[in-house]
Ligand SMILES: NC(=O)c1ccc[n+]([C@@H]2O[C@H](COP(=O)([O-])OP(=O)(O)OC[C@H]3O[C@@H](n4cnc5c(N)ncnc54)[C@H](O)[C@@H]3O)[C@@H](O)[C@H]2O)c1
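Just the one chain here, the form predicted alone, laid out as structure tokens.
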């Protein structure tokens, strides 16, 4: 088993998870953390395998072979690009940049340096969606023809934060909804052909961007994907010691579900009900018979593994690199999702259908 030194750049909210996963990986010997705030590094004081370092130090150190980039979005290209140019393998949080031009530059660097580079769309590693993909690939629902995605939540970003203050109208599409549009690509195993998106007037007055998005997409073969997102319906979280969080939120306006419709059946994933179900269709003399044939549920302690598996993604990617295998979501694949998001934003601005071939993308 090959072991190597690694580094995490950025020890904020998501960076903490990346650090924990790297420390848990059997392939990582020593871990360096790069962050301008020394207090963040102190969280792991006493962990002998973890050391603080500067960006310059880890780039020059030949023993550091793997770098995770968890810095703010506008620094992703700079940091991931520098790491690849120095011969490091990279796991970079999405997005690849703030513009498609930045994303294309990251693709160019990956290709030129022949680097291992994975972009962090962790929902592809989340058990809820991996089960759905397994059922699809096994042909259990026939050919997927329609995917309906519903996401209703409470406003949780807060006033005067970098998320609520972002001036871009379609900011949440790339920052938040990119994961859920990416899953449509994942389940269809195809890129979009055209997108039409609209946003109604916002109700969260302090957000500088839209707080809702309705995105309808055509995929090859006349297939359709729909995403309906509203940020305000769910009750504001108020901890209740007598009720488990998702159990409470399952009936307070929160919703995060997929209905994946195929020619021979359907799949429903439901985060707040902690379950995934499969329907099977069959012919009958007078109607189409539909019945639920399989249900998988999970417990609260498995929440992150089932629907937001950053930790599991990191362990899998570190293992891929250690075993000399290729990344499972390289920059070119991730670019398909970025382009999807930008097309949806452009459609909202123009009020028109945007095609994949649009020269503005």
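Residue numbers count along the first chain shown, from 1. Being a predicted model, the structure only gives us computed values, none of them experimental.
Omitted here: the form predicted in complex with this ligand. The next part is about that form.
Q: Which of these stretches, 252-260, 187-195, 174-182, 105-113, has heavy atoms within 4.5 Å of this ligand in the predicted bound form?
A: Contact criterion met by 174-182 only.
Q: Although the partner isn't part of this model, could you tell me whether residue 36 comes within 4.5 Å of this ligand in the predicted bound form, counting any heavy atom of the residue?
A: It does: once this ligand is placed as it appears in the predicted bound form, residue 36 has a heavy atom within 4.5 Å of it.
Q: Is it the case that residue 237, even though its partner is missing from this view, gets within 4.5 Å of this ligand in the predicted bound form, heavy atoms only?
A: Contact check for residue 237: no, nothing within 4.5 Å of this ligand in the predicted bound form.
Q: Find out whether any non-hydrogen atom of residue 70 is located within 4.5 angstroms of this ligand in the predicted bound form, and reply yes or no.
A: Yes, residue 70 lies within 4.5 Å of this ligand in the predicted bound form.
Q: Do residue 75 and this ligand come within 4.5 Å of each other in the predicted bound form, heavy atoms counted?
A: Yes, residue 75 lies within 4.5 Å of this ligand in the predicted bound form.
Q: Of 81, 170, 265, 95, which residue is found within 4.5 angstroms of this ligand in the predicted bound form when only non-hydrogen atoms are counted?
A: Selected option: 95.
Q: Residue by residue through 5-34, tell me which have a non-hydrogen atom within 4.5 angstroms of this ligand in the predicted bound form.
A: The stretch 5-34, when checked against this ligand in the predicted bound form, contributes 9, 10, 11, 12, 13, 14, 15, 34 at the 4.5 Å heavy-atom cut-off.
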